[in-house]
Structures are given as C-alpha cells and as structure tokens.
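Shown here is one chain on its own, the form predicted on its own, set out as structure tokens.
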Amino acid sequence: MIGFIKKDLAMIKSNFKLLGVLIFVYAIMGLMGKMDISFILPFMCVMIMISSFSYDNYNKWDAYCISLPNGRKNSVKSKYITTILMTLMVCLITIILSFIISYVNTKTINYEQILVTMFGTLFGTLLVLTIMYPIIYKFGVEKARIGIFLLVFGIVIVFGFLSQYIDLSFIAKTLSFLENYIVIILVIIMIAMVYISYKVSEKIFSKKEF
C-alpha cells in the first residue's frame, strides 16, 4: 500500500511546485482583498490527483498493477488515501493562511467563520471526489470530465426549476433544528460518501480488463 501511495505522489511531484506557486499567488491576492482563498486550493488537490489517472493511463500502470498482490484494491485505495491526505494538508495550510490574511487585513481573526467555511469547502471537495472517481474508473478521465460537467449543470438546472415551484423553507427549518448536531452529521455523511465511492470504484476496477 505504501508503495502505491509513493507512486501516486511521485507521479504528481511536478505539480507540487505549481501548487506552491498557486498558494503563494492566491495568498497575495487574499492579502490584497481580491480573492477568498478558502475555496480554490482544496479543489486544486482533487484536480491534481485526477491528472494522475492520465499518467497511469499513459504509462500503462493499470495493466501492470493488476499483476501485483492485491494490486487492484491497493491501486484504488491509494488514490483515495493520497487525495484525502493532500486535501486535508492543503485545508490546514489554507486555514493558517486565512488566519494570517484576516489578521493583516482586519487586525482580528474570525476563527468561527474561517473554520466553518473550510469545513464546507472540505465537504464540497470530498463530494466532488466521491462523484468523479467512480466515473473515472468506469469511463476514463476525458469522458469523466464531460460527465461531471453535465451532472453539475443538470443539478443546477433541476434545483433552479424546483425552487420556482416548491417551497424550500423546510430545508432551512430542518437545518435550524439540527444546528447543534450539524458537524457530527456532516462528518458521518462525508465518511459514508467516501466509503461508498471507494467500494463502487473498487468494484468497477475489479471487473475492468486491460
């Protein structure tokens, strides 16, 4: 397993410099008050990890890994573990930068707002991960990108249509009722999303032929 994770990290090593540059640029823009860095950086981790699928395909990695003991399971597991670890690391960096930017710009640090925002960003990032990875394993990177665009576009249209004819105030009331438990509920949902996505990806990859 460790070897698979090292392989993924080695394949995207060249992107670490790009990520470092982006962190620096977005931090400067945040200090200038031109951008909220809370959202973009964690999503960049997922996009960088998605590029590793292209590297795998180019180097015929999948055909090789299936010859290794538990190669299929470890290959899928390493993708999820590496992506989650990178996302958590960048979220931590983003939180620290947000504290610094907030203090420099306002001389105060709104800990609660920053942490809530980052928690929401983490949830959104994992949601993208859990949707995209099974699609990538099923159809490949290029088709998955088109599919996720159509999916997001469709969700926006459907939600916009429903909001015109359905009273969505009950959602606000429900969230208000669950306010004291929302963090625990969202953590459970995130764990469930990742687990289900992983099992689906594992099942797809286990039946794939190369």
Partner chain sequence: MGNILEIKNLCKKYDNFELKNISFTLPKGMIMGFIGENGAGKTTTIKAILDIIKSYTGEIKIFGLDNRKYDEKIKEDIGVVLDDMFFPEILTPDDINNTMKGIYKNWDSNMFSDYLKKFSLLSNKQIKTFSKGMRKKLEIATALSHHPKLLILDEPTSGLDPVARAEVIQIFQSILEKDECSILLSSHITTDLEHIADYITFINNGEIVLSKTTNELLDKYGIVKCTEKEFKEIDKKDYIKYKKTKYEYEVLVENKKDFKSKYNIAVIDKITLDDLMVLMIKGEE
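Numbering follows the first chain given and starts at 1. Here the structure is a predicted model, which is why all the values come from computation and not from measurement.
Quick note: we don't show the form predicted together with the partner chain, though the next part is all about it.
Residue in contact with the partner chain in the predicted bound form (any heavy atom within 4.5 Å), chosen from I185, I28, L68, I157: L68.
Looking at 102-110, 120-128, 136-144, 68-76, the stretch with residues near the partner chain in the predicted bound form, meaning non-hydrogen atoms within 4.5 angstroms, turns out to be 68-76. Interface membership of K199, defined by any non-hydrogen atom within 4.5 Å of the partner chain in the predicted bound form, is ruled out.
Contact annotation for F43: none of its heavy atoms lies within 4.5 Å of the partner chain in the predicted bound form. The closest non-hydrogen atom of M32 lies beyond 4.5 Å of the partner chain in the predicted bound form. Taking the partner from elsewhere, L18 is found to have every heavy atom lying beyond 4.5 Å of the partner chain in the predicted bound form. Residues of 104-129 include none with a non-hydrogen atom no more than 4.5 angstroms from the partner chain in the predicted bound form.
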